[in-house]
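Below: one protein chain in two forms, given as structure tokens, structure 1 then structure 2.
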Structure 1
């Protein structure tokens, strides 16, 4: 193995698996939003398919994007913890807040279409 770069450490950074548990919590939150939005979109589609489609275009891709950001954040956090560098920024909480607002707007569309 001589002549190659430093070996990537194996295993979690800490025995408490804080980074892993945080990542799973974010993924559960995103999954909950996605399931709730799907149910809400189904209810909206009963009255207006166009409104349901419009809401789905804005919300469901955001759910998928946030899930990808969560996974990337997990890897960046793991590297930062091992290097004792600053942790990642607050893009993930901001994106989830945007998703919550869009979910609320989708609920408002449901109320207005019924």
Structure 2
């Protein structure tokens, strides 16, 4: 399972495009987050525009930040795969799981208060 080109790091590391598929899965997940967030913000804006704006200022840059971290993680993974070094660890998955739980709790608050 060694990389094919020892000199030229050209093309993907493996024919299964593991890293690319993983990054696309990350981007799909972030996109789901962003879409859900926009819908939730629209619903909150129905009740209070100020609360929706405050939420948006905090959470939309967070989505962009996670996308940026994902892109850096993709490049780090690609380097690690070629160097046969360990892959990135579990901090980003843990953070995203916490955000998903928080999102669900926000949804519960919305459902139970409207």
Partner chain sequence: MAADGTGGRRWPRRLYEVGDEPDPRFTLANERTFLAWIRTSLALMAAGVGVEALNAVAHEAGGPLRTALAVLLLLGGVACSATAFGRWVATERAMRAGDALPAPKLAPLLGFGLTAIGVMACVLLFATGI
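Residue numbers count along the first chain shown, from 1. Keep in mind it's a predicted model, so treat the numbers as computed, not measured. Only the largest set of C-alpha atoms that superpose within 1.5 Å between the two forms is called the rigid core.
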Practice task
Just flag whichever of structures 1 and 2 is the form predicted alone.
Solution key: 1
Practice task
Inspect the rigid-core superposition and answer whether the C-alpha of residue 97 shifts by 2 angstroms or more between structures 1 and 2.
Solution key: yes
Exercise for the section: Verify the C-alpha shift of residue 19 between structures 1 and 2: is it 2 Å or more after superposing the core? Expected result: no
Fill in the blank from the handout: residue 108: Cα shift between structures 1 and 2 after core superposition, Å, came to 5.0
